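In the form predicted on its own, a lone chain appears below as structure tokens.
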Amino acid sequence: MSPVWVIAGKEMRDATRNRWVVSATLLLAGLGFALAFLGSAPTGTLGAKPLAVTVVSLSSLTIFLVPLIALMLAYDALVGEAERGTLLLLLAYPVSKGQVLLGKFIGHVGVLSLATIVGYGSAGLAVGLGSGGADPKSWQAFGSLLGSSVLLGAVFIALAYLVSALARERGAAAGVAIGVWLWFVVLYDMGLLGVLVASRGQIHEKIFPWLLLADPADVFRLYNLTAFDNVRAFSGMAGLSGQVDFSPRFLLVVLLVWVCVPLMGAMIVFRKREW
């Protein structure tokens, strides 16, 4: 078996022993059920599809919750191992630093994928089947939500690896990880809104959509709230989708780039740094 998959399996077993999998799954499932059923309560009056409204609600939850879980799961993947002395022991085996980092990354993405699919999937199935079934487009939108949520988590796991490779202490890595979360989830959009207000909305309509691509959370939001007509109608994004000329496939590619760039940066730093 490849060392990459051995290390990935070890990371998943460690997460299971530390109850990361159970905790993240229960958190996502609990909040997912709450938002799904509370959010779909008025859909009969509005004529909306319950599962489509659930996609809107879970998309908003994902932007705040999944990046935080990903960062807390992986911020000490390298610096924490170095502080405990286990990283040098691991590197003493016939494995390269690239294999170590890739194996850890796959393991952490596997943990987050399991928690997301089980947690959100159970909430989505309950709403879709409990409402007498859902239309195929709603199921497609929900499936895309699950996949893109995992991809968004992978972005922030990669960012956590970059932080972990650069940090000298585990505590410093935790602080920077929280800063990364605040920047991409809260502060970037606030800053963009401030620029719009200061310029009185004079930012060129062709420039503004490209500024959204500089934040993976915004890319995730654009993909899930504009890619499907039945979701877009209830998300309040119908006006924006007319101005944003990005296809769903392009937005997924942008998310993949957001995964690859920080992961490659972490790989370069990890290889050059003396541990």
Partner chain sequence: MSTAVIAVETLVKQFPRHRALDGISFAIPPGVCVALLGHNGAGKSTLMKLLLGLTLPTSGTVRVLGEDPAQAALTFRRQLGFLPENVIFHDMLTGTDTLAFYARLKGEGNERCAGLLERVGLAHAAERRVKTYSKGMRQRLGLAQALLGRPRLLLLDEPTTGLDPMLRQEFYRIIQELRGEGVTVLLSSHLLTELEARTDLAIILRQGSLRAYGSLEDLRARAALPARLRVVTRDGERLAQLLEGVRVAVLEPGMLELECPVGEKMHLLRRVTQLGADLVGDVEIQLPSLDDVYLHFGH
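Residue numbers count along the first chain shown, from 1. All figures in this text were calculated on a predicted structure; none of them were measured in a lab.
Another form, the form predicted together with its partner chain, is not on view; read the next lines as being about it.
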*Heavy atoms, 4.5 Å, its partner chain in the predicted bound form: which of 95-103, 182-190, 110-118, 160-168 makes the cut? Say which one.*
95-103
*Scan V197, I178, L88, A172 and let me know which has any heavy atom within 4.5 Å of its partner chain in the predicted bound form.*
L88
*asked:* So in the predicted bound form, is its partner chain close enough to S23 to count as touching (4.5 Å, heavy atoms)?
replied: no
*Proximity of I268 to its partner chain in the predicted bound form, heavy atoms at 4.5 Å*: no
*In sequence order, which positions of 5-38 have a non-hydrogen atom within 4.5 Å of its partner chain in the predicted bound form?*
V6, I7, K10, R13, D14, R17, N18
